[in-house]
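In structure tokens, the next block holds one chain alone, the form predicted alone.
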């Protein structure tokens, strides 16, 4: 079975500019793979391609303070490995949704509308440590 993308270990970056250039190349490759990821995992009902692109950019910006080219190369290798795992369907749909759609903010749940028709006894019961 042939896969579209293979992880190739590039030589280490000599300078920070070279590592920066490789980071932009990785970002372009990740953005170009978004349509196939949307098709593979059927994410059209959960997220838009622009939201996924923003998530990828946020993950890259999270490490913008790093100036060591070797560390940047290591992070790029991990990113390429993650991208190849996603494009080769090594993850399931709920992994993608949990890591890149929902993210660190968790599911936003509207609790106020659920508590409107609950009795006082149940409200007190839910507040206890036994629930």
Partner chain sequence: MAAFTGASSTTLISPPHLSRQCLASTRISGLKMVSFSNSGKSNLPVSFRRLQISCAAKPETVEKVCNIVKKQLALKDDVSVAGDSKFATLGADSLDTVEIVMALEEAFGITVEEESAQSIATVQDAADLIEKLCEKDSA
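Predicted model only: the values in this text are computed from it and were never measured. Residue numbers count along the first chain shown, from 1.
One more form of this protein, predicted in complex with its partner chain, exists but is not displayed; see below.
Engineer: Please pick, from 63, 54, 99, 36, the one residue with any non-hydrogen atom lying within 4.5 angstroms of its partner chain in the predicted bound form.
Structural biologist: When its partner chain is considered in the predicted bound form, the option within 4.5 Å is 54.
Engineer: Is it the case that residue 28, even though its partner is missing from this view, gets within 4.5 Å of its partner chain in the predicted bound form, heavy atoms only?
Structural biologist: Because a heavy atom of residue 28 falls inside 4.5 Å of its partner chain in the predicted bound form, the answer is yes.
Engineer: Any of the heavy atoms of residue 70 lying within 4.5 Å of its partner chain in the predicted bound form?
Structural biologist: Judged by the heavy-atom cut-off of 4.5 Å, residue 70 is well away from its partner chain in the predicted bound form.
Engineer: For residue 24, is any heavy atom within 4.5 Å of its partner chain in the predicted bound form, or not?
Structural biologist: Yes - in the predicted bound form, heavy atoms of residue 24 and its partner chain come within 4.5 Å of each other.
Engineer: In the predicted bound form, does residue 94 come within 4.5 Å of its partner chain, counting heavy atoms only?
Structural biologist: No, no contact at 4.5 Å.
Engineer: Among 72-80, 85-93, 55-63, 39-47, which stretch sits within 4.5 Å of its partner chain in the predicted bound form, heavy atoms only?
Structural biologist: Of the options given, it is 55-63.
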